[in-house]
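Heads up, the chain shows up twice below as structure tokens, two forms, tagged structure 1 and structure 2.
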Structure 1
Amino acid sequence: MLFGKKKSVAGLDIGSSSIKLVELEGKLNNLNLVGIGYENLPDTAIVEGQIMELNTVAEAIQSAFQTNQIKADQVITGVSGYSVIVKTIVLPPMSQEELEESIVWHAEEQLGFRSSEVNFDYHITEQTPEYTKVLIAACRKERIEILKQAIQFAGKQPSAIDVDTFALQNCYEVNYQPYETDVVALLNIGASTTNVNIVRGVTSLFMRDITMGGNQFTDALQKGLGISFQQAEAIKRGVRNQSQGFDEQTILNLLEPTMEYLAMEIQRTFDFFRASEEGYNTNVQKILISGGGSKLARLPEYLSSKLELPVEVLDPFRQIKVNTKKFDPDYLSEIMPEMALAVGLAIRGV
């Protein structure tokens, strides 16, 4: 147990377009939603995953806590994108003590970074008489430092920094309780990055971040229809009355090239996976999508048609008890696809 009983920990997803916050309580098989927060960010606050306006982000985090009366003192947040490296390396058989003594050297050699430039952690995923498999996650120190500053400026303390793809897997495992033979691709389509995690049962087999997201859909609508970013964003998210005056087929035609590009990148990810040792003779059976980009009308049907796989929107509250007297079901339904990472981070806090 990381903290005493009086300490509570919230999951904080600092995305390119919004802040998402979730507080849970209970045990993994009996979780309750305690608090939830959502704050939009100006499009200049975070660019390509990098915080550009520290005070703006800190104020949004603070507002998410205060507006929604979330009392947690500590937060767990996540990172993704090009400043993050996640890779499984194969080493000779060795003991835990031998690995601890040599992991820095192995990580620098196989991942190509200097340990002085990154924070990294590792986990043994498999040991046999022939080899030791180790999962390594590393992130540049300056990225970690500015995240910590944003959280501390908001009056909170970071208790851990996770990787977004792991948080997404936490959310999936608790809510879907997969069988060992289930092979599912988890996609979180954020504003600027799409996280992909291919999971068999509760074991991650392959991860990749695609450098595209919901902003590309918004840009296509903004330029094609000659409207503001805000209205294009509302049309993308299916906000009522925002698309009045625009032909539905015209909107679909504008969005299709970006949907096709996303489908191609997902297919490329599956090809990379199949070429890996873990993907040999392993087929993805289903895709679960989340994130703001997943709210795009007809995207699940389009991806399902292109990739010839069932595609569903992930429900991050599927196995979490929600008091409908405290939380508006319509509001939860509206923001549900965007809360998967925050829920996964909050689960780690529990």
Structure 2
Amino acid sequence: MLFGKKKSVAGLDIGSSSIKLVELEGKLNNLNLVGIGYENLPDTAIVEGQIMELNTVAEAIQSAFQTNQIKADQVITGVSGYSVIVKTIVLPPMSQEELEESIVWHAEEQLGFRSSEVNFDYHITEQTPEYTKVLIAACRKERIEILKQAIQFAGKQPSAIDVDTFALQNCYEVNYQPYETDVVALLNIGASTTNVNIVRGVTSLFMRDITMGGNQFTDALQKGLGISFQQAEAIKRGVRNQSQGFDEQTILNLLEPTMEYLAMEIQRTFDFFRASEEGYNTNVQKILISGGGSKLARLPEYLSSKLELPVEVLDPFRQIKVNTKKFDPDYLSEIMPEMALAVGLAIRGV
């Protein structure tokens, strides 16, 4: 470029408990970490996936950029939860042009939304002489609008909005370069939502969002021990001086029913998958976990024994070059599970 600077795009994950920001540069097979940001949000800012305090969220976004000197002026963010529908529909064989003309009608008819109320995107996943399979992602318009506003209030430009589970898959594909026969379940355990995406090779076979996450563990401790949410949160995270007075076994006993519930919901997701056309005769071989909720002590082992599958922590920087002079490796490995989505979003931007 002779004049001006190249536009760079950062990945921004607006979670209900915190904001995660990642900037990458380079090509897909040669990525470098340029910047990373993390800002906590008060629990009143985003409730049930909805932004309630626009200014608080915008300020946190701005701060994530400023504190970490992230220069990107455009961002890609993601959506998940109940305002998002992702579904494959099967249509008669047709050309790309025919599909373009009729997709709105088919989507409305098969997914039961009104195109005036949602933003949607689609792409052909399979084309045979008998049928055309189309993956559709739709999100309520007001959800998209408020996300855009939060980003604009923070002084940035929203360049695209992705679906969280797709971004997670992106992160996995680039970092793990799976074989066509690999079948893994990607799990992102957040504060209030757990995204599940079952992927074979680089194809998503099944997705589901479970409406529970790390908050439920904190709730269990808060109620069981009669303490504040903040205290319960600290004990859950294993902050030593906070757990004085409560022995480890008591804490474990209080956490276990929630672990069991999560394992059951994941099992249910696998059962739905097995009952679907894509999942018939297909076994999940491994679970890769991410999200802050996955850092709960003993959770990986617990899930592994309940679900009888190996459980590994997804490393979002596995194939990304990180300058250890600029980024403290200890800090990075501590926040690594939370960064998976933001890395996946950032990958879309390069």
Ligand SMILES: Nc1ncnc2c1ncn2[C@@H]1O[C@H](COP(=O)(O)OP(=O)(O)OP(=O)(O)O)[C@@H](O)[C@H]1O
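Numbers given to residues start at 1 and step along the sequence of structure 1. In this text, the rigid core denotes the largest set of C-alpha atoms whose superposition between the two forms falls within 1.5 Å. Computed from a prediction, not measured in an experiment: that's the story for all the values here.
- Looking at both structures, it is structure 1 that matches the form predicted alone.
- With the core superposed, Leu225 shows a C-alpha displacement of at least 2 Å between structures 1 and 2.
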